[in-house]
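Only one chain comes next, encoded as structure tokens, the form predicted on its own.
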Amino acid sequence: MCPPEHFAVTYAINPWMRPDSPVDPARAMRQWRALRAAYESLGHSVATIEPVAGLPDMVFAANGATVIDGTVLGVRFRYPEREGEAAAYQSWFRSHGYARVHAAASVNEGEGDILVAGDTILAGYGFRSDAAAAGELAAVFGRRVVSLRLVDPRFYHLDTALCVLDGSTAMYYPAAFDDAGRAALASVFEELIEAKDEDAEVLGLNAVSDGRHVVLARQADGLARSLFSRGFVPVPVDMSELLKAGGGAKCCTLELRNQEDRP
């Protein structure tokens, strides 16, 4: 995670961002700290990276890399406003003992568009990451990659429209995908929980699951009820200030899937 010390909306690179609508930095920091505390209360360890002045979106750590079995694939951002984040995150991994750190050749925005479901990698494209990133993911990680085209600009990253809950279950917003994407998801997951408009529009799907607990936007009441009815434990958090830049709990969280964590 990265503290939002420099968080601001000074440019617009997705439909949520409005530079003429000011953010409250203190409130953003309180919400971020509450998110970190929620993870720690569930028994998870949280590592942090030092924020860099001039990079207001660095708080969205999910975009910093993809980490699977201790191997790191760096990122290449679509917009120049975020380019500086790529080097900062890559440097963090190298300085923290990660021996296999690969620079990205194709445009990919990390776990914003790359999610893991069991031994399958889901790769979103259409707005921010390139379709060609799928081949690079397969080469670096040696896993099957399923490409998913995003078609609604409000859901510009895969992690705004899909959350992997466990190896067989996910929740998603069907209208964010084309027909081929919906069919692909149905082939990967045994159960798909559909988010209603009102939950998707508060980025309720921008959530983090450990297989039992699901940390998600407090405003996504319908999704919370659906999760509870299926045996998951919703952990609501208020990310409304970060939402002004199009981010939520998952955007603020990069999962470090290290080799030693595998069962």
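The numbering used is simple: start at 1 and walk along the sequence shown. Predicted model, so just to flag it, every value in this text is computed and none were measured.
Only in words, not in the display: the form predicted together with a small molecule, which the text now covers.
Though the partner is left out of this view, residue 112 does reach within 4.5 Å of the small molecule in the predicted complex, counting heavy atoms only.
Using a 4.5 angstroms threshold between heavy atoms, residue 62 counts as touching the small molecule in the predicted complex. Residue 160 belongs to the set of residues with a heavy atom inside 4.5 Å of the small molecule in the predicted complex. Interface residue remark: residue 156 is counted as part of the site for the small molecule in the predicted complex, having a heavy atom within 4.5 Å.
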